[in-house]
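Heads up, the chain below is alone and in the form predicted on its own; it's given as structure tokens.
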């Protein structure tokens, strides 16, 4: 990468970085180094459990066991033999396709290998020792790791009684907030925040702050996307990934959708060509008719059947609109995780804000039947 520009250096100084922090971050950016909180180990988010027996049920990482659709798999297979080329044109075609579907201009879409990368970059770009990260609690923790790295304050706001983001509390949590993070549907609860609440937050947030709407799980729900707020020129960045409904967690494709000036602020925090397999798989998935609707319906059926089982057996849980939900273990949830692992059903993980709840991923119908059998045994 090129050396840090004068504009970037002035921006770091304005945001309150001391000389030591400035030097550390600037060195990593100009060297194109991997940031420690964005390493593969960190991204595993405690869900990497090593080799599993062939009959194990792995419903601990919000993965989609279906994998990519047939059309995307074939497109990726066919492009592998061309993998000696960077094939930037495939990345551009993917960005153009996504922009058309979201109703934004092509330069409002920045492709990434998943959505964790732009999430980390947004924290680095918009928070600092003088500008905090505001997020829901419990919420997806990746952004807070990046904030900790640059000594930015993290303000955690409890969810409401209906498990949505408390947008009014978030808007007033810190007058110097740099970034307000909304994951919708939320991870780990799988619950929704109404579009009208997000619109209210955008209209009433602290001056100069940016609202980051992470829509990694939106395709599992009937929620309205926030890309129209981007098209309207608001201080909003929308994140998308193909890791969840599209079943490409290990193949890596995603995007940030925002005004070009906001995207320009996150661009310097990384470099390199994107995997052509992920780019062509994402573009093909976008063009596959009925894919989202079909998989959404399938996930909902298995999720509803699981909830009916939990209700019948008087287990308490938080009903969700996603591919995960929170189960009340009625004890430190880590104990339940260990007991279920002995039954070869791997669930988890546990959030400090809700120590008696474990996050459960919705797997296939067969996997959830095994989950039900194991749960009855260990909770007896």
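Just so we're clear, the structure is a prediction, and the values are computed from it rather than from any experiment. Residue numbers count along the first chain shown, from 1.
What comes next is about the form predicted in complex with a small molecule, which does not appear here.
Colleague: Looking at the partner-bound form in the predicted complex, is residue 216 within 4.5 Å of the small molecule by any heavy atom?
Modeller: Yes, residue 216 sits close enough to the small molecule in the predicted complex that at least one of its heavy atoms falls within 4.5 Å.
Colleague: Does residue 244 reach the small molecule in the predicted complex if we count a contact as any heavy atom within 4.5 Å?
Modeller: Yes, contact at 4.5 Å.
Colleague: Although the small molecule is absent from this view, report whether residue 114 comes within 4.5 Å of it in the predicted complex, heavy atoms only.
Modeller: Contact with the small molecule, yes.
Colleague: Does the small molecule get within 4.5 angstroms of any non-hydrogen atom of residue 252 in the predicted complex?
Modeller: Residue 252 belongs to the contact set for the small molecule.
Colleague: Just one of 181, 126, 94, 220 has a heavy atom within 4.5 angstroms of the small molecule in the predicted complex, so which one?
Modeller: Selected option: 181.
Colleague: Which listed residue (187, 193, 285, 227) meets the criterion of a heavy atom within 4.5 Å of the small molecule in the predicted complex?
Modeller: If I apply the 4.5 Å criterion carefully, the residue I get is 187.
Colleague: Just one of 275-283, 290-298, 208-216, 79-87 has residues with a heavy atom within 4.5 Å of the small molecule in the predicted complex, so point it out.
Modeller: Among the listed stretches, the partner-contacting one is 208-216.
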